[in-house]
Each structure stands twice: as C-alpha cells, then as structure tokens.
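First, one chain by itself in structure tokens, the form predicted on its own.
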Amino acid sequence: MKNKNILFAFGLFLGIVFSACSASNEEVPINIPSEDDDVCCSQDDENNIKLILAGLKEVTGLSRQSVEGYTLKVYARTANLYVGYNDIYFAVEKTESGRHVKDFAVTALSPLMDMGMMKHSTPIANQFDQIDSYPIYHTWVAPLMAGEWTLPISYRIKDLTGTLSGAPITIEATPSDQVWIKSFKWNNQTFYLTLAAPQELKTGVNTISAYVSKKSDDATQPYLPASEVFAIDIYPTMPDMGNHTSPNNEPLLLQADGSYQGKLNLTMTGLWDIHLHVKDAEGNTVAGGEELSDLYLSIVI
C-alpha cells in the first residue's frame, strides 16, 4: 500500500510538470525574425561590397555621419583629400547591424570654402554613378586650394531626405608641390581644367582623362562641367632634365560622358610638366600655347 501511494504521488508530480511546460510554451511563442528589407539580402552581396570598399579609406572628418538609424560612410583612395582631383565613394549602413542599405542615393554635393571675406565652391562631377549594381556611388570633387572646407552631402535613404554637413575637413596640398588643376579665362569666364586620377599615371603611354569646369556666376555654388567644347593639345616636358619631351602624345578631346580624353607618354620616372594649348571648336587659341606654355600641370611618377 505504501508503494502504491509513492507511485501515485510521483505520477501526480510528473503531470504537474508537463502541464506547466505545456502552458509555458503556449504563453511564449517562438519568434522567427523576418527579413530586413532595408539591407542587401544576399551575404554574397555584402562580401562583394566589403571587398570593393577594402581598397579604399574612410575620409577623415567626413565619414560616419548618422541619421535616424543609418550611417553614411564616405570613402576615397586616401584618408585625406587633396587639392585637385579626388574620387569619392558613398555607402550607407544600418547602424544597428552594420549591413549595407540598398535603397539610397546621393543627390548633391556642395563643397564650400569660407575665407571670411570671401566664400567659394569648386569643380565637381555633378553626377553619382553606381558601382557594379551595388549600393555604392562614385563622384569626384576638385578643391581649388588647401585649407578648411565643408562638404554638405544631400541624400535620400528610402523615404528620408536631407543634407548632412558634417564637421569642416582639411584639404591637403598636393604631394611634392604637384599641380593637378589649373584655371584659364575665356570670354570673361573662368574655366578650370582638372586632371583625373593623377596618382595612377605610370611610365609609358597613359590614356588620361580631364574635366573642364566653368566657375558659377554665384561663386558659392559648385562649378559644373562646361558646356563649351574645347580641344587641348598637351606637351609633356621634364624640367629637371633639360625640358626634354616625349613622342606619341594625343590631344584631350571631349567624350560622350563629359570627360576629355587623350594620350600622355611618360618615358621615365620623375617630375613632368604637362603644358597645355587650349583651343575652341574652330581651332582658335583660348589659352596657353605650343610647347613651353605658361599654362601647365605638374605630376610626379
């Protein structure tokens, strides 16, 4: 009889335990997280984006600006921007997860230098190109001088729109006193010729690109690519080597994408001056001249 009572009590205990567990399972359902539609849905996409950005640097003072749960990141080939041509790349992350947002766009870039008595902008691309269908956008900016600048960035992230100004950043002088941007005047207008990607030039024949921008009537507004059409002859010389030149150079001519492209032959390493002869569509001289003109860019390879 005693054994029967013990078995009965043990069975009652088990019944209470299973009943409690069953009740607990009903009160706490299992939640399976739904997919986040904000971000890239494929891990392969994330890996490819990170691979692209791994070859770039976050721009000091300009990257990692936050807005309503998102972080805008700004990248370039180096952590600092220089006088003259700079490639700039934009990506947006979900701040909480660090994953990249697929539905965003950069709509404007408005660089400004405040010199106290005077404020001015600088040449920009005025377009933002997507990189290989990934949510990374590219443009370029060409600050006219070293010093403190602001670079407000207008954006759209899903349904959010606005402008992030960030803190002022310091534009550095070009390495080794190189000259990657030069101005000239024509018809009472100021134009700027910017050599693209000057740090990528190598010995031998290079296909080079440049942009011609026109100063805005309101100097505080970005200087956009000029609508005027030019042809630009180039005469490279080495000032440290008796100004010897090189053969097989081709003029910079306007392309469908708005850039000017030509051929530049750099026969050896060192300092090169690229003298410019700018002509209008009829072949009339606009600025500079043949051979050792006073309008020139300087690069070091």
Partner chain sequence: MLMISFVLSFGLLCPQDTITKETAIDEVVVSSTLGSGKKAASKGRVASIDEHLGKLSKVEMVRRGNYAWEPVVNNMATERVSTTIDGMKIFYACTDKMDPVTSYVESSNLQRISLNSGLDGNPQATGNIGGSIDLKLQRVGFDARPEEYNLSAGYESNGKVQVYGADAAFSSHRWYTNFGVFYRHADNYKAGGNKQVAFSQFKKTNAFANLGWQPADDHIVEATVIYDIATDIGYPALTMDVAKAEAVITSLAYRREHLSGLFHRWESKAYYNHITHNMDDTKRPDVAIHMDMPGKSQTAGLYSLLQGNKGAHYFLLNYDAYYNTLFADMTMYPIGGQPMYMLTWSDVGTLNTGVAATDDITLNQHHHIRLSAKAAWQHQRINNDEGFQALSIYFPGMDRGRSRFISRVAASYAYEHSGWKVAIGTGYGTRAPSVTESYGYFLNNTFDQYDYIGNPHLKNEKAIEANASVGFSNEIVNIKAEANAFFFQDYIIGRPDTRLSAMTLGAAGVKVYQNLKYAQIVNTSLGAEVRLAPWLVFENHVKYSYGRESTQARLPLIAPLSYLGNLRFNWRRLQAEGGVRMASRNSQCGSEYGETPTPGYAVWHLNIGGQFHIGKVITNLHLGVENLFDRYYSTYSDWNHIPQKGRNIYVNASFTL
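Every value quoted in this text rests on a predicted model; they were computed, and no experiment measured them. Residue numbers count along the first chain shown, from 1.
Keep in mind that the form predicted together with its partner chain is not shown, yet the notes after this line are about it.
Every residue of the trio 205, 248 and 300 has some heavy atom no more than 4.5 Å from its partner chain in the model of the complex. Only one of 270 to 278, 44 to 52, 251 to 259, 60 to 68 places residue heavy atoms within 4.5 angstroms of its partner chain in the model of the complex, namely 270 to 278. With the partner omitted here, the residue from 133, 227, 176, 187 that has a non-hydrogen atom within 4.5 angstroms of its partner chain in the model of the complex is 176.
Contact annotation: residue 232 falls outside 4.5 Å of its partner chain in the model of the complex, judged by heavy atom distances. The closest non-hydrogen atom of residue 266 lies within 4.5 Å of its partner chain in the model of the complex. Within 4.5 Å of any heavy atom of its partner chain in the model of the complex lies no heavy atom of residue 56. Residues of 225 to 245 placing a heavy atom within 4.5 Å of its partner chain in the model of the complex, in sequence order: 238, 240, 241, 242, 243, 244, 245.
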